[in-house]
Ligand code: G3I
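Encoded as structure tokens, the following chain is the form predicted alone, with no partner shown.
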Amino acid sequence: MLTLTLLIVTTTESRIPRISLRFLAQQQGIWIGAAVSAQPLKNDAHYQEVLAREFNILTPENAMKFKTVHPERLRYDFTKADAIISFAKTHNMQVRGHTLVWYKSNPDWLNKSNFTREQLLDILQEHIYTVVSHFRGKLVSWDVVNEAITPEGKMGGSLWQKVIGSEYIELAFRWAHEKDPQAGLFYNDVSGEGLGQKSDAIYNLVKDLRQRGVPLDGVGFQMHLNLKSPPKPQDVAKNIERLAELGLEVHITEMDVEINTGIGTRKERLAAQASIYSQMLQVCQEAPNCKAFVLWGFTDRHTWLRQSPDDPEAPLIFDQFYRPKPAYKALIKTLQQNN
């Protein structure tokens, strides 16, 4: 039986419990993190406490997306993102920037206008220059382009793709690198962690970018998973290995595991969820180029997958009352086994 007694040690970072995800991950030199929602970070002391105790890297869930930071053509608003970065700095945590280009995060002023190709190129360049310059030196990495490929392995029909063409991907990376050469630059996508036509398309895209000297440092695996069809750990490992051969890092960037698609009692489904979390962390631990394991939130109280307070979905590692679930204990055990 796993004992969760908290033994406190004083470090240069703060008082970190010896039995916490953060402490154990740091012994192995990896980042373990969570996406952060601006509202509970501002108002919920319990949210703040668990976040600072358990994680050493944060991802703003929505606060850096195009429509949030660039809500009007001539106006930027970094208020929420700056607050998250301030929290991270106070608690000696790193921050992943998310995301510069994603078709679902465009503001209405962009989607509802009929800009020419040259106008869109100017808008995208100015957006990337402004946002990356604002956060220069404060972020360890950026998800530069998000979800450019369809489940069938084709280039998606986004505004950027339709009007500019595939060149927008290369340009986005080059522009981001210009304004922050020290930040790691990632291509981030969903359902591409295993083996198949989607991951093959991602591999071919990033291989081509690398061969042409585009400043691309890694690939993000979102890993929005469920109990019905989780990826095979061996497939994820092989995918990470072939990306390593291209000289690319891998970050698991947005992991959560839905339980409503599973079978059995709730207790059995939570156990199955814990097993998936543990397996994916172990795959990452065993791959020298897998440097980060980031959840898309950490408490069921604040998750994009729950539609209401009564929704039984429970995809994260703490329940809605911040109590550790079997998934949390499984991650602790997995980290302990490798320390």
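Definition used throughout: the rigid core is the maximal C-alpha set that superposes within 1.5 Å between two forms. No experiment lies behind these values; they were computed from the predicted model shown. Numbering starts at 1 and runs along the sequence shown.
Unshown form predicted in complex with the named molecule; subsequent notes refer to it.
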property	result
The named molecule contact in the predicted complex: residue 193, any heavy atom under 4.5 Å	no
Contact of residue 222 with the named molecule in the predicted complex (heavy atom, 4.5 Å)	yes
Residue contact check: residue 147 to the named molecule in the predicted complex, 4.5 Å heavy atom	yes
Partner proximity in the predicted complex: residue 102 to the named molecule, non-hydrogen atom cutoff 4.5 Å	yes
Region of this chain that lies against the named molecule in the predicted complex, out of 58-66, 267-275, 286-294, 26-34 [heavy atom, 4.5 Å]	58-66
Candidate site 47, 300 and 325: all three near the named molecule in the predicted complex by heavy atom within 4.5 Å	no
Neighbours of the named molecule in the predicted complex among 300-339 [non-hydrogen atom within 4.5 angstroms]	304
Threshold 2 Å Cα movement between the shown form and the other one for residue 302, core superposed	no
